[in-house]
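What follows is one chain in structure tokens, specifically the form predicted on its own.
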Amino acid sequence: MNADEVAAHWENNAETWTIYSRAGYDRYRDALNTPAFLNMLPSVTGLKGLDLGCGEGSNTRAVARLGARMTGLDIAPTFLRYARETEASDPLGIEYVLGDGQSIDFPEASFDFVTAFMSMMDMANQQGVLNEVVRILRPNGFLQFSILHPCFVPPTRKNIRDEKGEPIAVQIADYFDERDGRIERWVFSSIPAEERSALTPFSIPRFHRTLTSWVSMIVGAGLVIEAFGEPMASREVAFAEPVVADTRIAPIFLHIRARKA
């Protein structure tokens, strides 16, 4: 599967994804994943950053509010339309650009840092993307990205629950299956069941890599890994947001920060 095919899937997802994520139904993102990512992020005040796979711009805006001068890049025009409309009504100085991570259309050493919120595992040719990130980073610049945890969310995963419906274990399989472009179909689980049943599921191409492959690609691109994060919901968050309680059993997300030598 090539980048154009990936773009077509995400363009088809973009309208529904934006409407429901902005309505608060992406609880994993809002209650756990994005707050943990921002907490791990070094100071970006005054720095120039690129948000790779920015979607409709919510996370890009969160980084901009920390004082960074941000550009957002995405392959789906509908995501960018929503992002630009929000920027026009509430300006944060963000520029949004249509593009593909394999051939980022900026000169060498254009950015102090790059973020990628839950986008890298959906990109074809991840090594090529990482090579492009290194090209556009300034010396000592960094990349911080989040992905589905390759060890605990491989192509096959099932939550095991007790008689009360509480998560108690995770069953996983196919960890070493690195076939490209497997299509996963789902919608946000927090959407009410009667409304969810009327929606066309998202169609998401996935490019699963083992942890060994991710580390090899990062190092091979010329980056030095300096931090890992595995967000776990606190007891308080899990009580308030039961949908994220399974992250207390095993992590769902992996955050990685790596720096250009």
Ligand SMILES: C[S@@+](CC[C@H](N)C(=O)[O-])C[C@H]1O[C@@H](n2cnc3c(N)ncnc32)[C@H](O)[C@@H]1O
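For every residue, the number given is its place in the sequence shown, counted from 1. Computed from a predicted structure; not experimentally measured.
What follows is about the form predicted in complex with the ligand, which we do not show.
Engineer: Out of A83, L73, V114, L130, which one falls within 4.5 Å of the ligand in the predicted complex, going by heavy atoms?
Structural biologist: Only one option qualifies, and that one is L73.
Engineer: May I ask you to check whether G53 falls inside a 4.5 Å heavy atom distance of the ligand in the predicted complex?
Structural biologist: Residue-level check for G53: yes, a contact with the ligand.
Engineer: M118 versus the ligand, in the predicted complex: is there a non-hydrogen atom within 4.5 Å?
Structural biologist: Taking the distances in the predicted complex, the answer for M118 is yes, it comes within 4.5 Å of the ligand.
Engineer: At the 4.5 Å heavy atom threshold, is E87 in contact with the ligand in the predicted complex?
Structural biologist: No, E87 sits far enough from the ligand in the predicted complex that none of its heavy atoms falls within 4.5 Å.
Engineer: Quick check on G101: any heavy atom within 4.5 Å of the ligand in the predicted complex?
Structural biologist: Heavy-atom contact with the ligand at 4.5 Å: present for G101.
Engineer: If we take heavy atoms and a 4.5 Å cut-off, which stretch out of 75-83, 175-183, 136-144, 159-167 is in contact with the ligand in the predicted complex?
Structural biologist: Heavy-atom contact with the partner occurs in 75-83.
Engineer: Scan 27-52 and note down the residues that get a heavy atom within 4.5 Å of the ligand in the predicted complex; none is a fine answer too.
Structural biologist: Counting only heavy atoms within 4.5 Å of the ligand in the predicted complex, the single contacting residue of 27-52 is R29.
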